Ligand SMILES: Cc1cc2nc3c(=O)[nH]c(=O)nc-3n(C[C@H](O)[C@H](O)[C@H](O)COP(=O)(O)OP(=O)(O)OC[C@H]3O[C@@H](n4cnc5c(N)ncnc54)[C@H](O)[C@@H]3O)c2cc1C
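Take a look at this one chain, the form predicted on its own, written out in structure tokens.
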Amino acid sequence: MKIPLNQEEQQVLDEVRRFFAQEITPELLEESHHLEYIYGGEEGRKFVQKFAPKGWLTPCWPKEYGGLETSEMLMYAIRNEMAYHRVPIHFAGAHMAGPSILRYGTEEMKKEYLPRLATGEIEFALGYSEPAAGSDLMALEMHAADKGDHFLVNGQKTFNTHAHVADYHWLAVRTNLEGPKHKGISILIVDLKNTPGITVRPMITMAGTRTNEVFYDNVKVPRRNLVGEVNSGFKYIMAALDFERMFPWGHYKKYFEEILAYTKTATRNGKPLAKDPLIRQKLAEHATELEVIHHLYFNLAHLLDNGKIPNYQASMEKNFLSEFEQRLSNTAMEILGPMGQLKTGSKHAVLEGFPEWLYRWTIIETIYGGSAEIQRNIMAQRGLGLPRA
């Protein structure tokens, strides 16, 4: 599975791999797993703030904003390498909000945020979902009253995963209560750490990881923090969601390799599990699926390098990958048997209890960033041109 990089880009990727070999610590890996591989933890910040100033976090960005002006293909290759090594891979700032600022923000906003995102100095949290607005983001109700030089924000957000470790909120608010709902939404950038009236409260998922609900009580947000045009935020959300759905997959390649290695050493009736024809068939299917994911993922980079923002193509990759994760996790549980149910900390746990955690986590993967049902609707309507039901 070769990545189409030129010689200079391949040299950068090789240097990134050498950096990982030298700088990744057990403490970083433990924190990354605990935080479900989001950026913002103490160890993650120390690591990324060595890594990112080299331009490796956002290599395709202009040099004036902290990039290397290389291809998107290189950035996607680096992101996948980060996933394979299980360091933080979910950057709401650099990889979701940042590309939208680059395309829709003012020059002042670009200069203020992009260099700090590119070096890992700051991180964002996405503020979209609400108690009554999840898959249907047009139903969001958090209100931002226009007060001239600032907006006064009131309301509640849910499932804001980075909010407890982030510095800023990429916040979707309703700024117009009249007319079509999608034409009354705006995006604000909010300082989460220094703005009065914000409360962040934990919500624990079925995988034991943390997301958050966030409450705004008469919060003043300067008008200069408005992204793009007022009431045009739904367009910016759709673009940011497309970037969010472009999932790196290296961590599942690594997990596949670990399961494969296990079958070569574990035995049943005196023979390695890898000799079992049913196990061999299932692992061969997953190897084929990994090849498919490789092409779906790097096709997204190809489209970006040709001036397009992938839409239904991002949904294709996200949906295929997240459902593959469940299939791979199910296969691992079938191979491991009761031992696969043992959690981290048990002296009998296989692969340090990772299979048990992943079995729970993969259910969440098919929901966040847009559920599998939403992805199929996007593929049907925007990819195949099918009518709404």
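These figures come from a predicted structure and were not determined experimentally. Numbering starts at 1 and follows the sequence shown.
Absent from the display: the form predicted in complex with the ligand. The rest refers to it.
- Contact between T195 and the ligand in the predicted complex is not found at the 4.5 Å heavy atom cutoff.
- G250 falls outside the set of residues with a heavy atom inside 4.5 Å of the ligand in the predicted complex.
- Not displayed here, the ligand is kept clear of P310 by more than 4.5 Å at the level of heavy atoms in the predicted complex.
- Among heavy atoms of Q11, none comes within 4.5 Å of the ligand in the predicted complex.
- None of 252-260, 293-301, 267-275, 124-132 except one has non-hydrogen atoms within 4.5 angstroms of the ligand in the predicted complex; the exception is 124-132.
- Within 4.5 Å of the ligand in the predicted complex, a heavy atom is found for none of E112, G228 and S232.
- Just one of S186, T161, S315, S100 comes within 4.5 Å of the ligand in the predicted complex, counting any heavy atom, and that one is T161.
- Of the candidates Q156, T205, S71, T119, T205 is the one whose heavy atoms come within 4.5 Å of the ligand in the predicted complex; the others do not.
- Residues from 357-380 that approach the ligand in the predicted complex with a non-hydrogen atom closer than or equal to 4.5 Å are I364, I367, Y368, G369, G370, S371, E373, I374, N377, in the order they occur in the chain.
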